[in-house]
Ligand SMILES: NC(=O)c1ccc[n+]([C@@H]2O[C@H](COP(=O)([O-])OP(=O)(O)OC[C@H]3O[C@@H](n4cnc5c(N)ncnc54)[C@H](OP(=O)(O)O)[C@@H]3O)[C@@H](O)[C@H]2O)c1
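Single chain ahead, written as structure tokens, the form predicted alone.
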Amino acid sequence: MSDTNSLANKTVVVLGGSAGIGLATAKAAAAEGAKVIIVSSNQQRINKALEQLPQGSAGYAVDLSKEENIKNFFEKIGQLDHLVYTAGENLQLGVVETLDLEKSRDFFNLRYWSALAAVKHASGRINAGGSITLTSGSGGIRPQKGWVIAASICTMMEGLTRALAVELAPTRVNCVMPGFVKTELWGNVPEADREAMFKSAADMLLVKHVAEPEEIAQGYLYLIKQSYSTGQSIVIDGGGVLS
């Protein structure tokens, strides 16, 4: 048995790692001895995140919407052990009759195409025993009204995960599918409305609470360390798809 399930001295790169689930995953990996590199588009957020990570962690401001930027980033950092992709903006939901199709295409750029670009330019630099963990969402399994675009992206990420697992083997490729999570993506909702929304969601969930980012981060950590899992998408949603 190899030591691939140990993160000591392993390099873990988290794209979208300055806040929310990405930062929580970076913290969890660092707590187990990993050297963490976080990436987001905003240098101020990176600086703030690095204050919460151990000495030796690194952060880069990269506009992930451009493939050339992603290519240059991976050329700069060199070899790595584990890639985690959590980057994404808050999806705007809307019913199909009123969808702006041109604007809707934009939502695929950061969540799907940039994730694929990251894999394209990182995969050849991943050390033996390494992994790639992508991000989808439970909305692909149980979409609500207005979730046409969101559910489509989620489902695409699941298919991408399976295809990459076959193509990039023996590098492991998996995906986390979070449900409702308390992150900065809800920051544009007034606090009173946000708390009411969380309470309503918690009442419907089987576990009776909305997830904190740290709970979801444990799923990424599991897939990074689980040396016998590949091509899998794991749902972490408090029982949302069953309720």
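Each residue number is its position in the shown sequence, starting from 1. Just so you know, these numbers come straight off a predicted model, no measurement behind them.
Omitted here: the form predicted in complex with the ligand. The next part is about that form.
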Specify the contacting stretch among 29-37, 51-59, 175-183, 199-207, defined as having any heavy atom within 4.5 Å of the ligand in the predicted bound form.
175-183
So which of 87, 165, 117, 126 reaches within 4.5 angstroms of the ligand in the predicted bound form, heavy atom to heavy atom?
87
Please state whether all three residues 140, 160 and 232 have a non-hydrogen atom within 4.5 angstroms of the ligand in the predicted bound form.
no
Hey, in the predicted bound form, does residue 149 get a heavy atom within 4.5 angstroms of the ligand?
no
Partner proximity in the predicted bound form: residue 12 to the ligand, non-hydrogen atom cutoff 4.5 Å:
no
Is residue 223 a contact residue for the ligand in the predicted bound form, using a 4.5 Å heavy atom cut-off?
no
Would you classify residue 110 as touching the ligand in the predicted bound form, given a 4.5 Å non-hydrogen atom cut-off?
yes
Heavy atom within 4.5 Å of the ligand in the predicted bound form: which residues of 13-29 qualify?
16, 17, 18, 19, 20, 21, 22
